[in-house]
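So this first bit is one chain, no partners, the form predicted on its own, shown in structure tokens.
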């Protein structure tokens, strides 16, 4: 059994199929990117892996745990970075406070920022390249905010990071910086990386394992094996071929 294993997983929202008969296995260490069009079920896949949703069919095992039955144990081993984070920018919060919230959420009340919590926060910020804990979160650039959110996930010392569209709303140079940061965490800290993204160009040079998804898995393997015209044509119904190559539609190219 791999570190992550899905077998015949299906999930629907009423009559709308989100995932159908999805199966794959990943052995640690892995740096994996899931690619697919809008509505492919990428975010649903992450929620199923976190135990926030329960598969209507099939099984999910992570690090030897049955996710639907042992979701709390699984979530203590995983750091999750969602695509949208609910932080009210009208409330002044330092980046130290944003990261500390994650550490405190694991403790029973009263939740107090102890010296140990502060040490873990500073260490997490150092890992993502931020050296001013007092800086205001609302005043940061998009790339810096993404680094804070990664630090917030790291403060729990996870064995795996799950990221939902970590490159969205960033310029290309910053996307590449975030991709390189994630790879360094994978290489130097031994953290498995599982991300979903509309585009793989920021991390393609890192040779991730690629899963091509559109409600079901069309291919899994190295980018050169997966991102063939035949596979993309099957996964992207709107693919248009042009003399210079092809266009996948949406924000893919």
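Numbering follows the first chain given and starts at 1. In this text, all values refer to a predicted model and were calculated from it rather than measured experimentally.
One more form of this protein exists, namely the form predicted together with adenosine-5'-diphosphate; it is left out here, but the text below deals with it.
When you look in the predicted bound form, the only residue of 228, 61, 43, 28 with a non-hydrogen atom within 4.5 Å of adenosine-5'-diphosphate is 43. This chain is displayed without adenosine-5'-diphosphate, yet in the predicted bound form the stretch 32 to 40 from 32 to 40, 219 to 227, 62 to 70, 180 to 188 comes within 4.5 Å of it by heavy atoms.
Looking at residue 18, you'd find a heavy atom of it within 4.5 angstroms of adenosine-5'-diphosphate in the predicted bound form. Along 205 to 226, one residue reaches a heavy atom to within 4.5 Å of adenosine-5'-diphosphate in the predicted bound form: 215.
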